[in-house]
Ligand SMILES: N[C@@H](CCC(=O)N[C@@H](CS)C(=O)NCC(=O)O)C(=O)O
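So this first bit is one chain, no partners, the form predicted on its own, shown in structure tokens.
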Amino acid sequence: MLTLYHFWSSTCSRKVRITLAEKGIEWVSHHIDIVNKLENLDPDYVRLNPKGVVPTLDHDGKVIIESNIIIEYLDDTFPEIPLKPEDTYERAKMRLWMDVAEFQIHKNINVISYNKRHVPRVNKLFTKEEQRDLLKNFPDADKRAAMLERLENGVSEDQEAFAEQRLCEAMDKIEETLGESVWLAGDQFSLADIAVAPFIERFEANGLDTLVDWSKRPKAGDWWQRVQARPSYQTAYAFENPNA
């Protein structure tokens, strides 16, 4: 049995749901409310995922964390519908895109989302002192330190501008890559496309017009339309907030 611990609008959770849908794998949903109920900080959940984040996959008692590792685990464990290129060079490119998705795109959209979405949402739920107390108990030390620093000092306009520049560089690389291949890691839809795609929706949600001006990056725009048209994408995004 596969149980996915996930949050309905989490970008990383959507990566895993796209992968599950692409491969036609049945799974059990365990929704973790990371906003209103802070269920990701519940001791029982932290025992599963010591970082206190989503998603987490439980496969017959074998627990896997980190979304890029989860989706590659799924492809290795259920190989019938492969999402990795057969060619080893293209497979290496796939993993490079997965790395870009996590350490360039995810990292920098998180910076931009802080003032636009995170602060207004969290300030409605908790005072600054309550936020500080919660963060002091956050299980992952690296994230705890980063979040406490951000709570105290915020995100500056210069930091936002730098983050947007890094995202533009990633989008330019996507445009360049798609001038040479149909998908990001070759002529096959792969984990590379799955790792990147949910962040494009996040660009749109944050009103980052410079990133989603498809007249400037038409190949990326065509790729984005093809990704959204896939049944797996539509299935993953059809999962709605069960607490709404």
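These figures come from a predicted structure and were not determined experimentally. Start at 1 and count along the sequence shown; that's the residue number.
One more form of this protein, predicted together with this ligand, exists but is not displayed; see below.
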In the predicted complex, do 19, 195 and 223 all put a heavy atom within 4.5 Å of this ligand? no
Heavy atom within 4.5 Å of this ligand in the predicted complex, from candidates 143, 132, 166, 95, belongs to 143
Heavy atom within 4.5 Å of this ligand in the predicted complex - residue from 66, 175, 58, 201: 66
What stretch, of 177 to 185, 22 to 30, 211 to 219, 49 to 57, brings heavy atoms to within 4.5 Å of this ligand in the predicted complex? 49 to 57
Please run the contact check for residue 227 against this ligand in the predicted complex: heavy atoms, 4.5 angstroms, yes or no? no
How about residue 12: is it within 4.5 Å of this ligand in the predicted complex, going by heavy atoms? yes
Answer yes if any heavy atom of residue 90 is within 4.5 Å of a heavy atom of this ligand in the predicted complex; otherwise answer no. no
Is residue 106 close enough to this ligand in the predicted complex to count, meaning some heavy atom within 4.5 Å? yes
Taking heavy atoms and a 4.5 Å limit, what residues of 118 to 142 are near this ligand in the predicted complex? 138
